[in-house]
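Take a look at this single chain in structure tokens; it is the form predicted on its own.
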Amino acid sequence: MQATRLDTARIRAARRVIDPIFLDTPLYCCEALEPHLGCAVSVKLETANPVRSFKARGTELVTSLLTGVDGRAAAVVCASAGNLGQALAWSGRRRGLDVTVVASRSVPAAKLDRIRALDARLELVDGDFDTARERAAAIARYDGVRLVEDSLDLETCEGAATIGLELVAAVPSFDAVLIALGGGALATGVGHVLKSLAPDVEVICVQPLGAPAMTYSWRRRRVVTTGPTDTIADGVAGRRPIPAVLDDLLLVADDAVLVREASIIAGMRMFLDHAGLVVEPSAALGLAAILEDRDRFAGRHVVTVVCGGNVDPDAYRRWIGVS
């Protein structure tokens, strides 16, 4: 493999730092999905933890480095579409850190309420995630605190990469993995491990048509920024890819595909009807990709990473048509 920021030895070591409650999440073949999709689908369930997303694998690494040898707690700030903020608040509270989360006012209320419940200071801004990212960076500069930037901070990628170790250890083997693509921590982390230890597995990244910046960047092999996003998958709705993260992604992704909103909703409904799972839109991107290209996956064994389950209940019922 060419030069990359990620290191497999560090990723293995990360498992000793991350709270075990976030490790070894369920992985199982969901037989009920196969008749409807034409392929075997195994589910890596990253919602089965206290923050209901994979993000705490990374924040556990970040926060483990932030308490000094004198025992004094540090202050940290991050921008979040909801899940990173919850994860940083949980990991920070566990270690006595002062956590500030900056989020857009458009973030689902359920996510914001959970951040507050985890004792983080929450600042809301008008605009989207990238606006929140700018504000978090300003707070870090003015207050002299640590800025935790998802995907750019290597710990967020290598924490997510521990999912890849668990996939590689799975029996039986699988043909492809479908990964939600937003900032890139999950895709680069899991992709790095798979290409290092199971290179025959196809790594396919999935993004909404309404938030295509990283996919466009991957396809053109250079950073492409986009205008305002338009997708219910708020967890992956960024406009400005990080160059270093794109460099890592170019080394490990075999493909990056875009899916329609209707397919995302159909995927959410399939998870509910056939797996009994309530998932956020970003977590349904893998099923959406299968639904839009059934021939590609026919007869194969595919893993989809269910990356989050934090969703506004009212919006969820409206999307999937249940009362």
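The numbering used is simple: start at 1 and walk along the sequence shown. Being a predicted model, the structure only gives us computed values, none of them experimental.
A second form of this protein, the form predicted together with a further copy of the same chain, is not displayed here; the remarks below concern that form.
- With the partner omitted here, the stretch from 254 to 262, 27 to 35, 56 to 64, 287 to 295 that lies within 4.5 Å of a further copy of the same chain by heavy atoms in the predicted complex is 27 to 35.
- At a distance threshold of 4.5 angstroms between non-hydrogen atoms, R114 is in contact with a further copy of the same chain in the predicted complex.
- Using a 4.5 Å cutoff between non-hydrogen atoms, W90 counts as a contact of a further copy of the same chain in the predicted complex.
- Put simply, C39 is far from a further copy of the same chain in the predicted complex: not one heavy atom of it is within 4.5 Å.
- A residue is said to contact a partner when one of its heavy atoms sits within 4.5 Å of a partner heavy atom; K44 fails this definition for a further copy of the same chain in the predicted complex, lying far away.
- Taking a 4.5 Å heavy atom cutoff to a further copy of the same chain in the predicted complex, the contacting residues in 301 to 317 are P313, D314, Y316, R317.
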